[in-house]
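Taken one at a time, structure 1 and structure 2 that follow are two forms of one protein chain, written as structure tokens.
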Structure 1
């Protein structure tokens, strides 16, 4: 008779039906609140503010994908947001001009429509460029940078410099981009009057649906084999390279997807808010979105979305009372969260849920 000293292997208990349904149930609850409850309870002005927060949440979702899952700290998402916003704004201005020059070009002394503007009269071309232009720029930049193994703080500074250069370019082209004022005075979207409350309500629903679909797509991507490879690149890029994979390709694809989300958000921002200008695209707005993702929780896609909505609401609320002190409050909040809760609000909620089990 032989005695064995092997210890029994502890098996992880199978997930119960409650655990499996928890994620879809939370998503369904949030979707009902966003699509049904909010339009019924909120007045048009507040609903418009919520729509703006959700637009920013789309950008934050892309940042969460690139930074939280891929380890790429992007400080220049305003560039891609601006490309999408200006593409949509150019189309709307041409539609309103009805064959004439847009109003700001007349004020600037432009006598003929620039060749760059002509294709944007076609709605299909404009909508395609909303996503394709940011993704093309991100792909070109990523292919150039990631092959040289530029990462970390160097990549972050590079994207920040790109945002600053983009703003300078927009301001310097008064007759082409509207200069400092940007593109304003949008009255119609595909034949619908943007001043009507009903149109703004439909726009809000469109923004909410787009955010929901992008979140589901991003979550599916993270849970796929590509998503696991992306996390592996974040945690050990050199090891992934030694295993035969090309981290540059993985990071470039993710960076392009993140840029496409930002471009789509910019296009939705134009009819929701009614303006697109360089002041919305520079270094500071890009940093604010990164702070929002950090506060919400960069390692969780839902945390990135939550952070954008919470920070947007906080900015509106506190700036009404402390117009000059909001930036200090924002910086203090960022330092506090990164010091006491590096995983943000989502990390705190997850830890609390584990402790209560």
Structure 2
């Protein structure tokens, strides 16, 4: 099976004023809905869940970029999500401990703060690591494997193995990482009480704004010369090489950007949900996000975002309504979308739009 059997024709429709305005109009509508209507209408608990879906949508955006545009099937985004999440979690734990040891170290028998933890007491360092650590790892990995022309299924398996190994590493180092429990029991973020509905509402807005900005940035990237090169690499890597470009660089940069997005999402996840643990970063959660992107439509960035929100919402709703058998429904939803619309919801909408024109 080749991973890029479906190649949408990248033909820009004739730029009439109508089509030109359509995109921004939709974006503005969604922004108003997300930033104004949702916080007013939804109760705090539901708003918190929506914030979580949007956090996942940030990771999905990165997957959409790497997989949909660049043809790199990334099955281990959990690793980068985790690096960002743990960087944030470590900072919050240290701030709360106020010079003492974080709670889990006490019951894990650690007597002295590990050297790895010390710099994370500094908020600037912690926030920088949220993005830099995942990007550095992705760059190193990309530089190694893309130059060796590892691609397709081999690259996918590699990223998946990385996620599996990362989880084992985290669980094994209980004194350093909290083991299976992960890091939990956070009370405040930069002096704000996380238990307050007000704080959670602000967090929601922050998440929504970050997602919006990243989406615009990613769109800009896709429409740039670099974006066209990326699509070209996806559709014919060798041809691009013969034209004198280095596909390894293009892929590494894209992979690093998607990793940075996952890291940032991980950091936002921690105050929104209140926990970061290995269970969130393994093979299965990483796959779930790829599935969400497939459902939403991997060839459109908006599709990736939409997929993450739809799948997140479906998961919550199904499991609340049918506590016993919700996993079957979740699977059925995926199969249904994939058989009826192999290009996901976005593909369906795009086709409809083209036909009604």
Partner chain sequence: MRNSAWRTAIPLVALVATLGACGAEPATSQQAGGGEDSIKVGILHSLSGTMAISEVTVRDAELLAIEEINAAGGVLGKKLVPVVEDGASDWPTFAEKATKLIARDKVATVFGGWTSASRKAMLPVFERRKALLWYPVQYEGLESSPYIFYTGATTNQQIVPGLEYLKEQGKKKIFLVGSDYVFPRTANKVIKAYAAANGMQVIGEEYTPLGHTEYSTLVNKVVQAKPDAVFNTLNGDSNVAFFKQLKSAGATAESLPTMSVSVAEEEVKGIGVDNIAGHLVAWNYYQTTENAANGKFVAAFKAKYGADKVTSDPMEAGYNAVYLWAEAVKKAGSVEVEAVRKAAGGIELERPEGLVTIDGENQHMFKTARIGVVQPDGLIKEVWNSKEPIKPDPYLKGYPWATGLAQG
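Note that the rigid core is defined as the largest set of C-alphas that superpose within 1.5 Å between two forms. The shown structure was predicted, so the numbers you read here are calculated from the model rather than taken from an experiment. Residue numbers count along the first chain shown, from 1.
| Two forms of the same chain appear here; which of them is the form predicted alone? | Between the two, the form predicted alone is shown as structure 1, not structure 2.
| query | When you overlay the rigid core, is the Cα of residue 345 off by 2 Å or more between the two structures? | reply | Comparing the forms between the two structures, which are aligned on their rigid core, residue 345 does not shift its C-alpha by 2 Å or more.
| query | Using the core for the fit, does the CA position of residue 331 change by 2 Å or more between the two structures? | reply | Yes; residue 331 is a residue whose C-alpha shifts (by 2 Å or more) between the two structures when the cores are overlaid.
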